[in-house]
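Form predicted on its own, single chain, as structure tokens, below.
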């Protein structure tokens, strides 16, 4: 069995989880325009953009020899819950012998455990739980470092040096075997980043931007023209509404679910019910960012994403009520980097002007 997985943000977590279980792994390449074109060719025209990108990735890894794909699912009114079945049907219709294993949030533990049995190989359940704990620790460690990068890269004299350091850090994480290794790599990563040259402004001069929206286009830079780096290079600190460790906690760890309820509660004045996807979370994060002193919010909506279309319809009201600028960008295979950069620069000009007026 040759196993692969979706590419989202970076491949380290999925890779280490499967590697520590002893699988023969095919690491998916970072999505490119070729990946997107493949997905567009095989996926339904009306499908939302992440489904198309993932479809392209699955077709690429199949050509690389993968016969099994391990991925996560979804539930509720969002179409993400049907991704696995639709991807499987498209692969079957194309005559490709690939099995997709979908791990949904464990509302019912039986299918979750059945899927776990498919990937456990000859490992004992004690070993499986040990690997899961290591992967969980890895997710949180990497996200702590990535959050630090999204903040500090905005103030370095050479942003590329921070991005290069992040590549080195990811390679270090690829070599971990246990939780002690993870702690050592995180310590090394912090020292590596601290050794770079920064020029930190005073707190009132900093510009902080929150990024909200559908999880895939928020987290995967190849789909959003690396908007985090773009904003950092323009001098803005960035924080996303989605990180993989937080997704794990809020979807797969039942005793952690209540910790994330406060974000949903913050959206109640605008969106009382759960309508699927991350629509309510998106609105809640805007309120949270305003309370924490952020200067603006960028909303990323995949073309064809119904929950985020509802979020978008509320943004003008939220922006006016909270007095916070919000830029909504629709993401699809036609989104060019130059177009996005022009809109982001204009948005930041508005924020800087607003900030200057408030200081004056």
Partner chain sequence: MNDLYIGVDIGSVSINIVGLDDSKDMQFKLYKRNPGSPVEVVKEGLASLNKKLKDRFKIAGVGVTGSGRQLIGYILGADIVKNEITAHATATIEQVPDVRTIFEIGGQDSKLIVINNEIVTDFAMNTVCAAGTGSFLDHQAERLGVEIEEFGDLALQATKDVRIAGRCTVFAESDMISKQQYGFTKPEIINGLCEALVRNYFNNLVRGKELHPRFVFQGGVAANAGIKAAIEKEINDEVIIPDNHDVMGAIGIALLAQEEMREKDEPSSFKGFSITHDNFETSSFICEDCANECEVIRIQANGKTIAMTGDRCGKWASDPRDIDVKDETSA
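Positions refer to the first chain, counted from 1. As the structure is a prediction and not an experimental result, all values here were calculated from the model.
Keep in mind the form predicted in complex with its partner chain is missing from the figure; the text below concerns it.
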| message | Just checking whether residue 347 would be counted as a contact of its partner chain in the predicted bound form - the rule being heavy atoms within 4.5 angstroms. | response | yes
| said: My question is simply whether residue 226 lines the interface with its partner chain in the predicted bound form - judged by any non-hydrogen atom within 4.5 Å. | reply: yes
| query | Closest heavy atom of residue 68 to its partner chain in the predicted bound form, within 4.5 Å or not? | reply | no
| request: Find out whether any non-hydrogen atom of residue 26 is located within 4.5 angstroms of its partner chain in the predicted bound form, and reply yes or no. | output: no
| said: Between 327, 318, 51, 38, only one gets a heavy atom within 4.5 angstroms of its partner chain in the predicted bound form; which residue is that? | reply: 327
| query | What residues in 23-53 sit within 4.5 Å of its partner chain in the predicted bound form, counting heavy atoms only? | reply | 30, 32
